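Heads up, the chain below is alone and in the form predicted on its own; it's given as structure tokens.
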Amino acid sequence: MQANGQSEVAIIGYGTAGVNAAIGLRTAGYEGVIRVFSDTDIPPYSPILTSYYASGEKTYEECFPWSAEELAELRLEVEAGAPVTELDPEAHLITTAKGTFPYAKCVIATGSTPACWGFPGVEGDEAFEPIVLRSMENAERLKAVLEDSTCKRMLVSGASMVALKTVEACLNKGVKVTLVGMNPHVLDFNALPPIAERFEKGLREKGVELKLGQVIKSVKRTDEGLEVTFSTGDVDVFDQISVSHGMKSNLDFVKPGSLEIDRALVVDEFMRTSDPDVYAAGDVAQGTELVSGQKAIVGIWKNAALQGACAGRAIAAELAGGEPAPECALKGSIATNTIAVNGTLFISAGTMAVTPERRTDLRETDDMSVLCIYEAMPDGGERLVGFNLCCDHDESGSVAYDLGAMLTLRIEAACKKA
């Protein structure tokens, strides 16, 4: 597994986790070949910013966090437009349409893809593809649709963060938007009812129609547009439909049975998978979640960056003939989320699971609601394990942001202490 006299490291995926894996390798002293496999021919971008580009809040260039000069300093061999079709850990081989490549160590950082589970398709238009949002290509399509004068009504199916950013893009472009979700409230699995209700109030005040606790039953193409029948029996017509029904880890190229996969690749504190020469980071990695202590996907930008850097440092240490330093281990992470839709702010961290061992504490003011979740400890005390915050206005540096940061630090400190 040598290239130019050095062990070759492969990084599959050129996003946040992949770039930070390369940064970790270089800053830890690795001077060998780093070969990156990207399924696109554009530089690494932030999926978080794609909705802002679609809505006109960000330029195309602002979606790319790293400059050409910064990427050049990493001295990467980038195989652009080269999706990996197979990873064979036993043979240490990566296969693409461009050929087969050997590696000494590999980092899988391929991220995730929007899923349209449950969308029934369109009668009379079998080729119809709902709008999804993740990639720059997705954002280009959404932007074009929202800027088309014939699109006056959009249906967004799903109530996740991605769905809500799609809603905001519609609002910013003056497109009337309806959101349908199978759960009773928005912010699927991220917010408890009192906080979700305040956020929903903000959406309604912005003109968003909410159809919660129901799903799309059928869709039919008519002369008027897309005729949607909901599970309640209601019927309405829209010009376009966006679907945000979850995310699927991009792991189809992994040779079956070669690596331990649960919901994603199970990794240790150095991001190693069940194969010691294969690491994973980002949405494809199932690492330790600090509150529960269980293996889970924590699909946020910060975690992808930390996991990628951790994997890079660990690989550099091993290729230098040593072991990763204990202080470089990533002991775990907590889920954190921040979203604002046209001025209504939501922040959360930690768990949202309320059990008999946990109590909730809700505090409200005229412009903000904060719900904290505390867990009883064996010594008779308790620790903060999660919180929700909703504020009626979104202002950088405000009390809401300061409080969110403080509560997040408290959760992290309590988990590490436990």
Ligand SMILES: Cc1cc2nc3c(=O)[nH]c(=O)nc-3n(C[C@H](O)[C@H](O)[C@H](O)COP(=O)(O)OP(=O)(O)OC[C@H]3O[C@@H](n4cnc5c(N)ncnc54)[C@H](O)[C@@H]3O)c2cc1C
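These figures come from a predicted structure and were not determined experimentally. Don't overthink the numbering: it's just position in the shown sequence, from 1.
One more form of this protein, predicted together with the ligand, exists but is not displayed; see below.
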The ligand in the predicted bound form has a heavy atom of only one listed residue within 4.5 Å, and of A309, V162, L290, L187 that residue is V162
Closest heavy atom of I315 to the ligand in the predicted bound form, within 4.5 Å or not? no
Do P47 and the ligand share at least one heavy atom pair within 4.5 Å in the predicted bound form?
yes
With the partner left out of view, is W301 within 4.5 angstroms of the ligand in the predicted bound form by any non-hydrogen atom?
-> yes
Next on the checklist: Considering non-hydrogen atoms and a 4.5 Å limit, does the ligand approach G111 in the predicted bound form?
Outcome noted: yes
Given 188-196, 278-286, 169-177, 119-127, the stretch touching the ligand in the predicted bound form at heavy atoms within 4.5 Å is 278-286
Those residues of 128-146 with a non-hydrogen atom no more than 4.5 Å from the ligand in the predicted bound form are L133, R134
